[in-house]
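Next up is one chain by itself, shown in structure tokens, the form predicted alone.
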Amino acid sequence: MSVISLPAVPAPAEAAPSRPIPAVVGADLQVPVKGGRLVPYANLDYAASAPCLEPVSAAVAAALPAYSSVHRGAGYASQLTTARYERARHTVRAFVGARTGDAVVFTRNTTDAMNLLARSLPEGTTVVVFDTEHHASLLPWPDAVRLAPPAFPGEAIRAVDETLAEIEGPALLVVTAASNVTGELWPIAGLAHIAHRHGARIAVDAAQLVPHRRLNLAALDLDYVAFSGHKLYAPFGAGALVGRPDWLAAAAPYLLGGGAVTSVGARDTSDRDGSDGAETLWSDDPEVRHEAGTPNVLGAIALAAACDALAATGWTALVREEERLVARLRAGIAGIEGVRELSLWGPDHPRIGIVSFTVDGLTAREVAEALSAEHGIGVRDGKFCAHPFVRHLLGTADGGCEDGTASAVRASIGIGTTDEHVDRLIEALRSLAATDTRVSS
């Protein structure tokens, strides 16, 4: 009998915020710039990895004194750690609005989650994916049907409809909820409806969405969602795959080892495909079957703490502040000659706090290095692990991945971003663009 009892996890908050927007660890970081000065760091690289929320850091610190093994220990510390780990699973399930029976498998990140799902597909499954995807969603599927970037959201739905109509047997549509390049929101509800009309399933890369918007898996009728803690203000190495358990329960264990089995005899004759051999019996519970070995307990606790913190704050306050800052940033960039924002569906399409752009006459790396060295601003440059999509946006579809000119700069915001950060970036870009114009003339 367990000696630990923790209260039930509430559903995600829908009402007005009950807590102020939490602070991030490192908000007072000072960084060096040219001339030896120290300036407050303007972190505008949230889409790569978000800083840690203070409540997340506190949750990990609180768990450390009793940190112990999970699931099989009889000692108090082991029981407490197990309870915290399993409560984290329930918190994540509630945070994404999953169905009661959906599995929550802890992974390392979104890439790991998508690879787990790829290993779990029934034989003969056809995967359909757009070329606009992050590599985590683009690459794990052998022989996937890849669709060209759609010119508008309705075209995305039409392309999926036409493609799935030609597929016989099981099929899976893989799509992002929010682009990691442009921040634009994808019509996942409509895509889910079309997928299910054809008897297919849908897996959503929610890595960029869940730090910025509430996700309700059940209401959207999604089959699977994957996301990462390091983008959700919980940089402790955990992510999750959440969704229907049947494919996961029938698939080969993602890893072979302790915890994934119910029985191992003296002689192992089981197959890698997870079938029961004469001596090894694998767990039928996907949350056990695919989490062999000692899990990342602190990562799961951190991930759950981030979910709790965002839900307790309330999405209304978070979204309102983000939209205000994004509007300020986009308006500022639009007013600078030679700076062009990248967009698939135009400037009025809804988006999260991501803005990617180019500066005439300068490579993306030159811009990013100047912003850091001269202004203490952190941004990302490159193709953002979305090479086909960035080349499409830049009109260099046949260009090589190593061409430094076929890249962009990405500024991304989140909790902790201030007006001063945004204004500093705008002024820095105005200065860079003006300098390049004087040199080129």
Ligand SMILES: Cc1ncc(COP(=O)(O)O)c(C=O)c1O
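The structure displayed is predicted, hence computed values, not measured ones. Numbers for residues come from their place in the sequence shown, where the first is 1.
Not pictured, yet referred to below: the form predicted in complex with this ligand.
Taking this ligand in the predicted complex as the reference, which of T126, N296, T280, N109 has a non-hydrogen atom within 4.5 Å? Result of the distance check: N109.
Since exactly one of A136, L342, L147, L191 fits, which has a heavy atom within 4.5 Å of this ligand in the predicted complex? Selected residue: A136.
Which one, 326-334, 201-209, 160-168, 256-264, holds residues whose non-hydrogen atoms are within 4.5 Å of this ligand in the predicted complex? So the stretch in question is 201-209.
Mind checking whether each of S356, T358 and R391 has a heavy atom within 4.5 Å of this ligand in the predicted complex? Heavy-atom distance to this ligand in the predicted complex: none of the three under 4.5 Å.
Can any non-hydrogen atom of T182 be found within 4.5 angstroms of this ligand in the predicted complex? Contact with this ligand, no.
May I ask you to check whether A47 falls inside a 4.5 Å heavy atom distance of this ligand in the predicted complex? Close contact exists here: in the predicted complex, A47 approaches this ligand to within 4.5 Å, heavy atoms only.
Distance check, K231 to this ligand in the predicted complex, heavy atom within 4.5 Å: K231 belongs to the contact set for this ligand.
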